[in-house]
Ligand code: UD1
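Encoded as structure tokens, the following chain is the form predicted alone, with no partner shown.
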């Protein structure tokens, strides 16, 4: 049985932000969401987040996360003081406590499983995740015997010159036998320059305490400023891209591509340079995305192409061509075998199969049937200044260039709209509709104008 506690009370002053540090985004998720995600496979009996700075904002951001408990640290006096706040909440608890930091977002679940396994197998009072760094400056040092039993932990600022030569650093991730920890927590002392209660100080009062070196030191990198946030993003991107290339996805220029780890790709998808995949996006086999495209929270079927285009919150069925320079947004659904071409914008609209909107058009709040052809420059005038209205276009209907469809409006099946028309009334099936002023030609008008001036 394990309880997970996440330290999330700090302000993060080096971020230079009004946003609590743990709520800063990394690859589409907040730092604290990533920490919770890494611990989820452990199936913890309780998840407790210790909050302090802007606690209400942190709680609000996490309100949709199930089975999450919040513990207040009203005054931030160090990590040891934060864990002291758990004492009344875990009064009769007899299992283990896994302590994670809300600003260490790159931990793998496999690493935490290994830490917990070693902790239980050796019946340790505490087990600490450590790493060997070639340049350990800034990190607390962990001193162990030949069996990895921890003898001392010293903060970097308190290290003597010989101690600074030790390359084993404290990753700030701990697993405690709670009953042992609860006995020593009340006796922590703030005997340091910061006058804070350090959680590592309990090590000297527990026995045995073991260090477990993480294989990839990058997992324990903390986020204290924007530079470290950017570094963590690059590490995360490397993981994600390597995963998808190993799974049969082609990335033409990985360095210029970004992919959130919430994205799902199928084999034989090709991602062109300068393309960015965000959120809960799914792209099926055979599709080719980019160059220069942004796909966010969307589902693209098999053999879809999207060239220099933006697709958000939308669904595109198999064999459809998007772009160049198209914009799909606001819950668009495009059927199979369609074309959404140059400089076309679709908003909250649904296109039937084999429908073409080839260029220079805007369809908002529109539903089309199958095999519809939208001529160049066609727009749906869906907003009357107060409310949005819907346009319905039937099967096999075509609009001429520069048509304006003023909603609310229904065009039936097999309707032809003459070029340059402004349609304001419903049109029945199998009709030609012309709605434009009669052309008037006045011979000699230009010469008369010149003589008058």
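Positions refer to the first chain, counted from 1. Everything numeric here is computed off the predicted structure, so don't read it as measured data.
Only in words, not in the display: the form predicted together with the ligand, which the text now covers.
Visitor: The chain here is shown without the ligand. Which stretch in 367 to 375, 317 to 325, 166 to 174, 255 to 263 comes within 4.5 angstroms of it in the predicted bound form, by heavy atom distance?
Guide: The contacting stretch here is 166 to 174.
Visitor: Report the residue, out of 211, 98, 104, 289, that has at least one non-hydrogen atom within 4.5 angstroms of the ligand in the predicted bound form.
Guide: By the 4.5 Å criterion, the partner-contacting residue is 104.
Visitor: Tell me, which of 140, 301, 337, 352 has a heavy atom within 4.5 angstroms of the ligand in the predicted bound form?
Guide: Of the listed residues, the single hit is 140.
Visitor: Quick one: in the predicted bound form, does every one of 46, 112 and 118 get a heavy atom within 4.5 Å of the ligand?
Guide: Contact check failed for every one of 46, 112 and 118.
Visitor: Quick check on residue 86: any heavy atom within 4.5 Å of the ligand in the predicted bound form?
Guide: Residue 86 lies outside the contact set for the ligand.
Visitor: Taking the shortest heavy atom distance, is residue 77 within 4.5 Å of the ligand in the predicted bound form?
Guide: Close contact exists here: in the predicted bound form, residue 77 approaches the ligand to within 4.5 Å, heavy atoms only.
Visitor: Would residue 82 count as touching the ligand in the predicted bound form under a 4.5 Å heavy atom rule?
Guide: Answer yes; at least one heavy atom of residue 82 falls within 4.5 Å of the ligand in the predicted bound form.
Visitor: Check residue 237 for me: does it contact the ligand in the predicted bound form (non-hydrogen atoms, 4.5 angstroms)?
Guide: Result no; residue 237 lies far from the ligand in the predicted bound form.
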